[in-house]
Each structure stands twice: as structure tokens, then as C-alpha cells.
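Shown below, as C-alpha cells, is a lone chain in the form predicted on its own; questions about how it binds or moves come after it.
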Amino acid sequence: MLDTIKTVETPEGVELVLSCAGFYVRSIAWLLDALIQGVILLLLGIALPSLGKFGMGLFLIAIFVLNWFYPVLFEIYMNGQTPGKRIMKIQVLLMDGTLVNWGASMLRNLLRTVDFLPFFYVLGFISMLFSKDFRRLGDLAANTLVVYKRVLKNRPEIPEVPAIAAAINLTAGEQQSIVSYAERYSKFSPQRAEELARLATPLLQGMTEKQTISASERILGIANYLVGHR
């Protein structure tokens, strides 16, 4: 129950590592959304009574729309995030890691009524306790999952030197190691950078002592070639 990490494979064959959101963070997101809805209803309650029965009808419609369509519309048009979820940096996804669709969002939110039973989401809380992915009944029925939103970090710049094609075929792991070396190059001393570069012996084939290019420059050149700087 303490392991909140879930690995899923998307329809495109990409493996994603997702961190499931637990009861506490989801409760805070729900309270934030409830507060936002409450403020909207308060403002409407102040403005609409001046319109008489027509205003009261609009107010009742607003209650219905906010209660049933507030979460659905935000989840569809804000990549699975209501304002509360966005503040808490969580989002709703389908179990295959793709964005939630209309059918799933409608179903999971309609079943909030069941999750609320017998009072204040007791049934939903129990469901989350017995689910390793912290899924309430609405999530189980809609095949959805609430996870922490993945933040894509900007990759560090690598020193730009003339690109060099590797003389041998490189595996994906080897390519990643070369690019990682280039991204961390500025943190090394020149001596340490050269020492690490010389460990990649197969990539240094063909170099002679008379060549002015260093081993580290050659590895940087290969890294530039791999990332498309040609």
C-alpha cells in the first residue's frame, strides 16, 4: 500500500512511470474545488435574486451545472485537471496513461454520488484504502487513475563542437550515456573530463597522438551528432 509507483505502457508502446495520488492530496484538491464552487455560488446568490423568479431559476441551473459539469469540463479541457487538481499538481488519466475522455470523465464524476455514501465520501475512502493505486469506485468503473502530473525538465545545454559520427553502432543506453556526459561536461574539471572520455576506448579508435582533438572533444562531437547538431 505504500508503493504508489505504477508503470503503464501507452498505445504507442511508450513505457510511463506514474506516481499515484493518495487520499490526502486528492482531498485537498477536492476541498479547493469545493471552495471555488462555493465562491461562484455565493456571487451568483448575491447577483441573481434581483431578477426575481427568473434569477432563482438561473441560480438552480448554476447549482446543477457546477455540481455535475464543473469537474468534467475542466478534466477534458485542462488535461485531466480541475483548478484544485492543478494547484495540487495532480491529474486524471486513463489506465493506459492517456488523457481522460468524455465518457470516462462523465462516468467517474457521476459515481461521486455513490462514493459519497453513507456520508462525506466514506465509501470512496474505503475503496481507495483497498486499491493499490488509490482508486475510488468512480475510478474503478471509468478505468481512470489520479496521478501526480509529470513535469518535463529542460535538459542542460551541451557544448557545441563539430559533430562527429561514431565509428561503431551504439545501443540506446550507450547513446544516452554519451549525451549525459556532454550535459554534465561543464561540471567536470578539464582533467576529469578527459579521464572519463578516455574510458570510452571503442569510440576513440582512429585517433593518433598527432591529432589536436582531445578525447573529451571527440565524445562531445559524438554527443552533438546524436542530438542532431550537424
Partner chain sequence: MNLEALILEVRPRTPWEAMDLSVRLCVRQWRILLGSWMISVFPVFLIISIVLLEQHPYWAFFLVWLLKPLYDRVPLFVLSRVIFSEQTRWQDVLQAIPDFFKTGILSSLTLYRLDMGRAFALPVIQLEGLRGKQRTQRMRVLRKGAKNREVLLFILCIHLETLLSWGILGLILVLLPTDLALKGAEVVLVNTEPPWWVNALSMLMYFLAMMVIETLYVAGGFMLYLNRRTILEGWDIELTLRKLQQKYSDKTTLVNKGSAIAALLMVCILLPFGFSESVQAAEDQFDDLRYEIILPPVAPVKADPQQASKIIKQVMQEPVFKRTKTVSYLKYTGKQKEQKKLEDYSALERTLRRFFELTGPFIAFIFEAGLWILGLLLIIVVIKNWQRLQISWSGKSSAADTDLPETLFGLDITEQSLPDDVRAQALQLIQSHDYRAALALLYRASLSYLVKHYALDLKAGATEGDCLKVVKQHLSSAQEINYFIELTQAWQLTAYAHRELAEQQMQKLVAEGAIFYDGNRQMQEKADG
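Quick caveat: nothing in here was measured; it's all calculated off a predicted structure. So that the term is clear: the rigid core is the largest set of C-alpha atoms that superpose within 1.5 Å between two forms. Positions refer to the first chain, counted from 1.
Just so you know, the form predicted together with its partner chain exists too; it's not on screen, but the next bit is about it.
Trainee: Wondering, does residue 163 line up within 4.5 Å of its partner chain in the model of the complex on heavy atoms?
Mentor: So residue 163 does not count as contacting its partner chain.
Trainee: I'd like to know if residue 221 sits close to its partner chain in the model of the complex, meaning any non-hydrogen atom pair within 4.5 angstroms.
Mentor: Result no; residue 221 lies far from its partner chain in the model of the complex.
Trainee: Flag residue 88 as yes or no: does it have a non-hydrogen atom within 4.5 angstroms of any non-hydrogen atom of its partner chain in the model of the complex?
Mentor: Taking the distances in the model of the complex, the answer for residue 88 is yes, it comes within 4.5 Å of its partner chain.
Trainee: Does residue 196 make contact with its partner chain in the model of the complex, using a 4.5 Å heavy atom cut-off?
Mentor: So residue 196 counts as contacting its partner chain.
Trainee: Residue by residue through 19 to 50, tell me which have a non-hydrogen atom within 4.5 angstroms of its partner chain in the model of the complex.
Mentor: 19, 20, 21, 22, 23, 24, 25, 27, 28, 46, 50, in sequence order.
Trainee: Using a rigid core alignment, state whether the CA of residue 48 is displaced by 2 Å or more between this form and the one not shown.
Mentor: Shift of 2 Å or more: no.
Trainee: Against the rigid core, is the Cα displacement of residue 21 between this form and the one not shown at least 2 Å?
Mentor: Comparing forms between this form and the one not shown, the residue 21 CA shifts below 2 Å.
Trainee: At a 2 Å cut-off on C-alpha positions, does residue 172 qualify as shifted between this form and the one not shown after fitting the rigid core?
Mentor: The answer is yes, as the C-alpha of residue 172 shifts between this form and the one not shown by 2 Å or more after core alignment.
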